[in-house]
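First, one chain by itself: the form predicted on its own, in structure tokens.
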Amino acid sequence: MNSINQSRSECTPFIWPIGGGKGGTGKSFLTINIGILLARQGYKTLLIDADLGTPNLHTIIGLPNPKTSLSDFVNKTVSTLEETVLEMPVHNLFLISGARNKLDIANFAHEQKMKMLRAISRLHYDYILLDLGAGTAFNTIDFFTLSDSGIFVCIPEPTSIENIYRLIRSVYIRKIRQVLQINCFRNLAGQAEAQNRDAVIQHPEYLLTTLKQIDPEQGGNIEKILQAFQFKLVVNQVRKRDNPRTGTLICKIIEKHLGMRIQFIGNVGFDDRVHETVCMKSPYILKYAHSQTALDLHGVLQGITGGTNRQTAALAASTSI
């Protein structure tokens, strides 16, 4: 293992949940291809298919019959989550699949979920990418709050933009709920709604405003926690006719209404060949390493790692696995 892996994998991993407000935005596409780029850069990278109800990472990466899955850990078939990890053909890349998950795993008990979240945070990898299910279910939201980092993915369509805002808003409210005791949260929500009936549903930022008025110290602490989030936004499947500033505009709206700073890290261009590679069960970045969409993915990687332009250019020129 190289020096990068030795320094990072012995410490707390960088955990990046990847989610979107609706299906078809390209969460799995982004997870697999960014994971490959991280692995090729020398980082020990784990992909976890946390789309509990409809997992598909194993199919896209070309692994039709994984021997283990997340269910084996949840159902105590194995004693540690590490035992479910599968090594991928790409050096430094690993996978925890959901292929063998039981149908009821999407509704597993709270205790099982907390056990899984704790186990993920203890794994020894440089980067852990969580491919989450679509929507705003509690399981999806709780995976997001596992880390101060996270990547939201949308496409440049009104429905997708609206849904990504709802997802981010749900993460915002869920985090406040986790920090506060449940009774305290209900009391706060009631007071906020008394001031404005749309406070919780349409304007959750009023929750924080009300809390800061009631208890300035606690309100200030929660505000710091929310500001510590390092959330990123990627706009996928962007065509030439689409507004290239859509991502920037979304981030401005979120900061205005929620007070959360989200960094827009790039557009990923639409490419018909993505469909081809999914049907071939082969990751896009391995087949079309020099396409514009591949270069866009390198730009997203830079936004995640904080790499320099020189590093990104070097990666874009590389075709080795």
Partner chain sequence: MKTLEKLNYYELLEIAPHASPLEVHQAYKEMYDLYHDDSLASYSFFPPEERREILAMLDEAYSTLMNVKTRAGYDRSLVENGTLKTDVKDRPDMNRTVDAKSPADQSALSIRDNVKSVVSSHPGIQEILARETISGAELKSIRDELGIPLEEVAKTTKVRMLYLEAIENDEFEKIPAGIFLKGFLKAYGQCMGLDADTVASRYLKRMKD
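We call the rigid core the largest set of C-alpha positions that still match within 1.5 Å between the two forms. Model, not experiment: these values are computed from the prediction. Positions refer to the first chain, counted from 1.
Just so you know, the form predicted in complex with its partner chain exists too; it's not on screen, but the next bit is about it.
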So which of 287, 273, 281, 257 gets a non-hydrogen atom within 4.5 Å of its partner chain in the model of the complex?
-> 257
Would 29, 58 and 127 all count as contacting its partner chain in the model of the complex, using a 4.5 Å heavy atom cut-off?
-> no
Non-hydrogen atom contact residue 169 with its partner chain in the model of the complex at 4.5 angstroms | yes
May I ask you to check whether residue 117 falls inside a 4.5 Å heavy atom distance of its partner chain in the model of the complex?
-> no
May I ask you to check whether residue 161 falls inside a 4.5 Å heavy atom distance of its partner chain in the model of the complex?
-> yes
Does residue 252 reach its partner chain in the model of the complex if we count a contact as any heavy atom within 4.5 Å?
-> yes
Segment that reaches its partner chain in the model of the complex - one of 88-96, 130-138, 71-79, 243-251, heavy atoms within 4.5 Å = 243-251
Residue 148 C-alpha shift between the shown form and the other one of 2 Å or more, rigid core reference | no
Residue 157: with the rigid core matched between the shown form and the other one, does its Cα shift 2 Å or more?
-> no
